[in-house]
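Just the one chain here, the form predicted on its own, laid out as C-alpha cells.
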Amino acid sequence: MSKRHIVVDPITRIEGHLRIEAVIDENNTIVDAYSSSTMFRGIETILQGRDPRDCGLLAMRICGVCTGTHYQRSIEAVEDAFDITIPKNARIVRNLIQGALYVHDHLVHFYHLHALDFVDVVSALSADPAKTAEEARKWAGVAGVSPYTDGESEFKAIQERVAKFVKQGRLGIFGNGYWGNKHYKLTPEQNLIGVAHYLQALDIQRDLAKMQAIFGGKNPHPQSIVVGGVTCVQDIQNPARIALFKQLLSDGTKFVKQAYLPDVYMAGTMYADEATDSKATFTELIGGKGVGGTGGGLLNYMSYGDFRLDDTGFYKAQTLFPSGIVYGGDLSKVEAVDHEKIAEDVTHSWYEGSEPLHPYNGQTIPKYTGLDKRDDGIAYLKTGEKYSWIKTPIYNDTRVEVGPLARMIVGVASKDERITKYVTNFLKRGNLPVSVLFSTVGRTAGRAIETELMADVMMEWVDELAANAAAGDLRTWTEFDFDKVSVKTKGMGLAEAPRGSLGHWVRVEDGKVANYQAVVPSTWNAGPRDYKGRMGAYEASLIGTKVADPEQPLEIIRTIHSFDPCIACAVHVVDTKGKSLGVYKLDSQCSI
C-alpha cells in the first residue's frame, strides 16, 4: 500500500500555532494522523510564589480569546481552596460575563474562523441575488424564523463589494482559501448568503464584546472578578446598564436565530452525506460500532458542568450544563466526573516525566528532542517519540473529547430537559438523524445549538439580577480572613470554557502559590498519543477522511477547525533561567 504524508503547518484561523501531519493511502484516505503544538507558554511557572489572590489577573493571559474564562476559573480555584461561597449577585454577574463570551466566541468561530471551510467566496460572485434572497428565506423557514437578510438589493451590494476585492487581485480578509476545491458543496447563492453573514457578523460580535465589558469593566481581560465576589457594584444598581445589556443581547439573539442557525441548517444539509458516512469513522476502522460520520473521532465526551443556577456553593449547585462522561456515543448512559481520575501524561510531549500525574502534583519540565531528519526539504515529527508541546490529559485512563458538542451530548444523556429540548428541536427542524451529531458537521451544529440556548437563558439571568437588586440585596462580596485560610490548602476551578472543559488547580502554602496547573480544552482535544499509544481527539477525528486534493487539504482544515482550536492555551513552559532556545531572523520586507 502506497502512503504519502500531508503536512499542514501552521493551521491558520486559530489561536496559536498547530501542526497536523496526516498519512494518506492510495485512495487519498487518511489512515494515520498526528497533532503537534509548535509553541509553549509558562504562566503556571510564573504564578508560583505569588499571592493567590493575584492569580486570576495573570492566569487570564494564558489565552487571547477566553481571557475572562481563565480569569474566573483561577479565581474560583482560590475560592475553593479558601472555602468561600460568593453572593447571589456575584454568581449571576459571572454567569452573564461568561454567557456573553460564549455567544461572542461561538459567533466569531463559526463565521470568521470556520465558515470559509464550507463557503467558497469566489463562487458567490456568480450567484443570482434574487435567487439568493429566495434561498435565505428557505433556510430561515427551516429554523422557523424570518431571514436576517433577504433583500435582493442587499445581496447584490455585498456581491459587488466582494467582486471589487477579487478584481483588484486581492481577497482581503477572505484571502488564503482553497477556492474552487472540489469538496465545497454549497451553491453560488448559498455561498453568497454565507459571505453576507460573514461581513454582518463583524458588527454583531463587536456589540457582544461590549456586553462582557458592561459588568467586566473591559474586554478582553475583564477586571471586576475578585476572590470572594465581584466589584461592579454600581453597574448592578444602574438600570441604564442593565437595559443596555438587554438591548445588546436582544440584537445578538436576533442574529443568532435568523442568520447563524439557518446557515448551520444549510451547511449541515449540504454536507449531511459526510456527516452520516459511518465508513469514515474512527471506530469503524478499529472494529467499533461505526457511530456517526466523517470527523467523529473518539466518541467519548466529557463535561465538567457549568453556570451555577442557585447559591448553594461550588460543586453543590444545580448547573445549566450537567457534569458527566459519555462513552462510545452511547446516549443511554452517563457517568459522574471524578476529578481524582484526571491526569496528564508526557510520554509523547516535550517534557520530562515517567508517569501520568494528577494536576495537583503536575510538573512542567521541558525536554525538547527536536524533529526528524529532513526528507524532500521537510523536517517531519518524531512520531514514535516526543512530538508536541501539549501534554496528554487522560480521564480514568481514557482519551475524551470536550467542547460544545460534548456539553450537548452529556446534557441529552443526562436527560436535562432544557438541553434535550434544544437539541431535539434542531434535529427535527433540519430533518437530521441523531447520528449526524457524531461528526465534523455535528461538532459545528452543537456549537450553534448551544449559542441559541445560551442567548435565551441569559435574558432570564439579567432579569433575575435586576429583580434581586431591586429587592434590596446589593451584596457582591463575601468577606474572609486571608491569613487564616491561606496557611496550607488547595483548590480547583473546574468548569467549562466556550471551547470545553477547563480546570485550574492551585496549592497554597504560607499565603503563597506552591504549585499551579491548568488543563485547558485544547489540551484535551489536541494532545498527542498517550503512554499506551492511543490517539487524541484531533488525531482520531481525521482517520477515515478522504481528501479530494492532497495539495489543498480542505477536509483536514475543516475538521480541525470544528474543534475551535486554541493552542496558545494548551501549551506549557519555558526556560526559567533565561537560556536562549533559538534565534530567528525576520524578513524585513513585507511581501503582502
Partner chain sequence: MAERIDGVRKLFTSKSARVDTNRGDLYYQQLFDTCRARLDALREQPAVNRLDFDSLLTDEGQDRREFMKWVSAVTAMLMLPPMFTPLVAEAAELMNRLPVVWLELQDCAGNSEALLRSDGPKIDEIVLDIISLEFHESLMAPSGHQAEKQLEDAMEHFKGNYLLFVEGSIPVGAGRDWCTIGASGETFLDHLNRVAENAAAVVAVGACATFGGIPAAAPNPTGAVGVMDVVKGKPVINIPACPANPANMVGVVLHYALTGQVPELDSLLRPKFAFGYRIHDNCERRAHFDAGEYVEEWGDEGAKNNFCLYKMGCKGPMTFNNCSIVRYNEGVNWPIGVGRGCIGCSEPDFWDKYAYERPMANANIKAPTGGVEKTVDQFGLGLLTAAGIGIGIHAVASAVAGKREEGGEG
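Positions refer to the first chain, counted from 1. Treat the numbers as computed from the prediction; the structure is a model and nothing was measured.
What comes next is about the form predicted in complex with its partner chain, which does not appear here.
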property	result
Touches its partner chain in the model of the complex: V547 (any heavy atom, 4.5 Å)	no
Non-hydrogen atom contact D510 with its partner chain in the model of the complex at 4.5 angstroms	no
F118 within 4.5 Å of its partner chain in the model of the complex, heavy atoms	no
In the model of the complex, G175 touching its partner chain (heavy atom, 4.5 Å)	yes
Partner-proximal stretch of 24 to 32, 519 to 527, 48 to 56, 533 to 541 relative to its partner chain in the model of the complex, 4.5 angstroms, heavy atom	48 to 56
Listed residue that, although its partner chain is not shown, lies within 4.5 Å of it in the model of the complex (heavy atoms), from V226, L96, V256, I242	V226
The single option of E152, D207, D397, D83 touching its partner chain in the model of the complex, heavy atom within 4.5 Å	D207
Heavy atom within 4.5 Å of its partner chain in the model of the complex - qualifying residues of 529 to 557	E551, Q552, P553, I557
